[in-house]
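The chain below stands alone, shown as structure tokens; this is the form predicted alone.
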């Protein structure tokens, strides 16, 4: 079986490994939370049409990538300064296809509210940061992918018996926390009054506020919350079913169709070679029941 939306909790997440493509010489590295993934192979003979983003990055030999720094399973900076998680492994796969080695990636923190601006100001070449594709964002940036399908849900303290889903928030005085500029912060407004919503720059601030009792609920995508739960020593739990669909895409400069098509091709090849599965199993795999399938890729425009 492949992916379904049911995820299991209460599993301690080990340090995360690094992923690779299935071609080229491979070497096992990292302290993978699941099966150790082989090191990413780098396309040594990559050739691109002059003037394209791919040609420019290949010639430069480096790439700047925006991601989250505070989200276990998808984008987390370790105490040693390493970036781990499924998003970062997808980013390494894309860089490898450009002929760029992992050590030549320049990582930039990309909080939810800053992702479009980072792309528009050319401060990053792409963003892989639990970045839901939607029409409003697509007015400012283009998306490759999606490479993963998530869904929004709720996290509460483990002793909370009153809140079992979003409908329980209607008419309550529960404080609900999400990230500024995020899709979940907009979706949850359907269920709560404005004075119930608490916004921070990062979800880790929401987690801390839930832990100290300043808020009653944290809401974002299921896999992000599962990462926090896995590190909470039983302090938090998920409640209710997923109530949205959140397709994660790779954000790039608006209208760069050729770069979008290149990234989509890298995602297809990763799915076919097993690199996509290896990325998942070395990061989110210890918490998720099943390996997801690569979603159908959207046309580039």
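Just so we're clear, the structure is a prediction, and the values are computed from it rather than from any experiment. Positions refer to the first chain, counted from 1.
From this point on, the text means the form predicted in complex with a small molecule, which you will not see here.
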- Task: Consider residue 115 of the chain shown here, and say whether it contacts the small molecule in the predicted complex, taking contact as heavy atoms within 4.5 Å.
- Result: yes
- Message: Using a 4.5 angstroms cut-off on non-hydrogen atoms, would residue 153 count as touching the small molecule in the predicted complex?
- Response: no
- Message: Is it the case that residue 209, even though its partner is missing from this view, gets within 4.5 Å of the small molecule in the predicted complex, heavy atoms only?
- Response: no
- Message: Can you tell me if residue 248 lies within 4.5 angstroms of the small molecule in the predicted complex, counting non-hydrogen atoms only?
- Response: yes
- Query: Since the chain is shown here on its own, which stretch among 117-125, 159-167, 99-107, 177-185 would lie within 4.5 Å of the small molecule in the predicted complex, judged by heavy atoms?
  - Reply: 177-185
- Go through 84, 230, 71, 142 and name the one with a heavy atom inside 4.5 Å of the small molecule in the predicted complex. 71
